[in-house]
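In structure tokens, the next block holds one chain alone, the form predicted on its own.
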């Protein structure tokens, strides 16, 4: 059941204050550095207390989270809503896209401003703000693309990093020749500028010149279908660009963030670069990369094959999804995004006779977290703490939203997902919230999904019912000089936390209690993205396995107080205590 509440339907009601107090009881709080059984009290969109035996005012709505994990809401660092490219416009606008995000447990998205060649970066930024501000159902931030170079672009980058605009990341393309691609000289200048501004340079790493030539040759041979897309830009083409981008960043003495890494070869190139690099290197992969593969490009149905086209492409090597999961678990990759960029079937058909004209993009913002949980946590590749790290906390740290976002702690934003690890469902285009009628994860069974999602203190997924409000989200600025990236001291939240702060989490190693004297290592702002202690298991947050992978659904590892079968309804109750009754909006 989906209930989409628009501002006009709640005329006269202050949405943010109609239910400003919320208590989450009996859940297990999961952060990237540990887990603990604790209650969470929220007021006016802010987490006020985390702990036990909290003193709570009357009139507070209570959610019984018995058997649920209480985690920071997901942060998707890579979305494209209302983007115009290749003669088409994405189907998911900022309302439908963020609606889908919230349904899947994501409470913050970071979208990309992509100026046309010659267009003012600030003009493009203003256009994106105008498109998004009145539509978003959750908070959002922005990256800005540097799609051409001139002294005026450098000046506007300086302006965008100021207080007025609040941008701390810029994306450059090494692909899309004749549209967004920069040459190496321009890329070097753009990365140098980012380093000067203490901003984060991001790179789409593919060799655009090789792709252009390969495309010409394939079309000349009569290869026009979607299979030609991957053939024109194979793993080697991606890996070469990753290496080259790292070399340029090292020459500029700059950190570097590589978006949507799609292959084992690219990861290996990044790992090799880390051995020589002076500044941090961050690697992002996608839900699509771990949830499906490039075999779909050879499907006889054009609609099916074209729906999987994105760049860099899905790889035909069947071992790629598992390898990328391993890389995420081992901290060779640090984040997982969606690169959500959906197009209607009629738009994909623009490339019916020429694969180079198929608009690039797939879904993922709704299923990103469930797909990763199914593929990684349920198989024992990573534990819940590492899951929180790659889906939320690391993005918050890198893009300087930490600790306001990405953490369940006093004074953080009340962006939370209450995760039912036993909730079983089948992903389908017939039930998803996207604006398209195709899902690249169609038919996949996942065990583990959100039961409640809270955005700025408001319950937007309520015991499975989606109740979002168009325009409820807000733009969140991302200051430059991120401590996690540039090594500056991490500023504390202020004022000081209220009573009952987050208890010291108990280390969980293979589902067992910690040994006597074993202490939880705190989360630090790492300058270099080396394996970070998760507080849950091994230093990378990875499960130690003996032989075959472990199935957490049937193992002794338990994340609830009572082990329930998949056929048993989870024990979730909503209670309205004496002195207060929840609003009809809730």
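Everything numeric here is computed off the predicted structure, so don't read it as measured data. Positions refer to the first chain, counted from 1.
Although not depicted, the form predicted together with a small molecule is the subject of the following passage.
- The small molecule is not drawn, but in the model of the complex it has a heavy atom within 4.5 Å of residue 78.
- None of the heavy atoms of residue 231 is located within 4.5 Å of the small molecule in the model of the complex.
- Remark: residue 204 counts among the residues lining the small molecule in the model of the complex, judged by a heavy atom distance of 4.5 Å or less.
- When the small molecule is considered in the model of the complex, residue 341 lines it closely, a heavy atom lying within 4.5 Å.
- In short, of 390-398, 349-357, 173-181, 97-105 it is 173-181 that has heavy atoms within 4.5 Å of the small molecule in the model of the complex.
- When the small molecule is considered in the model of the complex, only one residue from 320, 439, 311, 378 comes within 4.5 Å through any heavy atom, namely 311.
- Comment: the small molecule is not present in this chain, but in the model of the complex one of 255, 73, 361, 283 has a heavy atom within 4.5 Å of it, namely 361.
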